[in-house]
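In structure tokens, the next block holds one chain alone, the form predicted alone.
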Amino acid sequence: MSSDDRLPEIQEIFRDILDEPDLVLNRHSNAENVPDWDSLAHVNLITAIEKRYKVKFALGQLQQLHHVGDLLDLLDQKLAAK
């Protein structure tokens, strides 16, 4: 499964955490263009993604994330390293 194949799964997590059932993400989505994606939501999103995929992100890795595409690529790297 490629990182882009995980986008629908990540989108469902975002929809649930942000309570936005019609939210549509793409690789360029970020906190500036996704409603209600604030710092608290970000923590909840990362926690939900870590739990779903059984991975842990380092703080330094999270600070490098600027878009959903960055998150997908990092998640892909984490899953490949398992």
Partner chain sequence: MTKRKGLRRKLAERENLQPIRIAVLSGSTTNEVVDLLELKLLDAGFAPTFHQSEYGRFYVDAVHDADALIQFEPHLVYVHTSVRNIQRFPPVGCSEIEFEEHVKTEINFFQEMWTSLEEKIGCLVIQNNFEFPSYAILGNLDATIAGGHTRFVSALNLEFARRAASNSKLLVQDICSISARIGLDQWFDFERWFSYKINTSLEGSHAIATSLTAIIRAIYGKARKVLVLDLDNTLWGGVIGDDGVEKIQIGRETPVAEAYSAFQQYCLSLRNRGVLLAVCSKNNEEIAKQGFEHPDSILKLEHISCFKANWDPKHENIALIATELNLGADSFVFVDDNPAEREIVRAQIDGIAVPEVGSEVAQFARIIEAGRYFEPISLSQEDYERAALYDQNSKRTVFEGKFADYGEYLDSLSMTAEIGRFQPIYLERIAQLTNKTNQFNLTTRRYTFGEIESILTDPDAIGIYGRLTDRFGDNGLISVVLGRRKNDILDIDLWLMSCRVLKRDMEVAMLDTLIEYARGMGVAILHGHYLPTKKNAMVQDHYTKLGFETVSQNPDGSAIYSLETKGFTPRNTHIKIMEPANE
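Positions refer to the first chain, counted from 1. Bear in mind that the values here come from a model prediction, so they are computed numbers and not experimental data.
Keep in mind that the form predicted in complex with its partner chain is not shown, yet the notes after this line are about it.
- In the predicted bound form, its partner chain lies within 4.5 Å of some heavy atom of Leu62.
- For the chain shown alone, Val55 is not a contact residue for its partner chain in the predicted bound form, no non-hydrogen atom being within 4.5 angstroms.
- Contact check for His28: every heavy atom lies farther than 4.5 Å from its partner chain in the predicted bound form.
- Within this chain, Leu72 is remote from the site of its partner chain in the predicted bound form, having no heavy atom within 4.5 Å.
- Interface residues of 11 to 30, taken as those with a heavy atom within 4.5 Å of its partner chain in the predicted bound form (partner not displayed): Asp16, Ile17, Leu18, Asp19, in sequence order.
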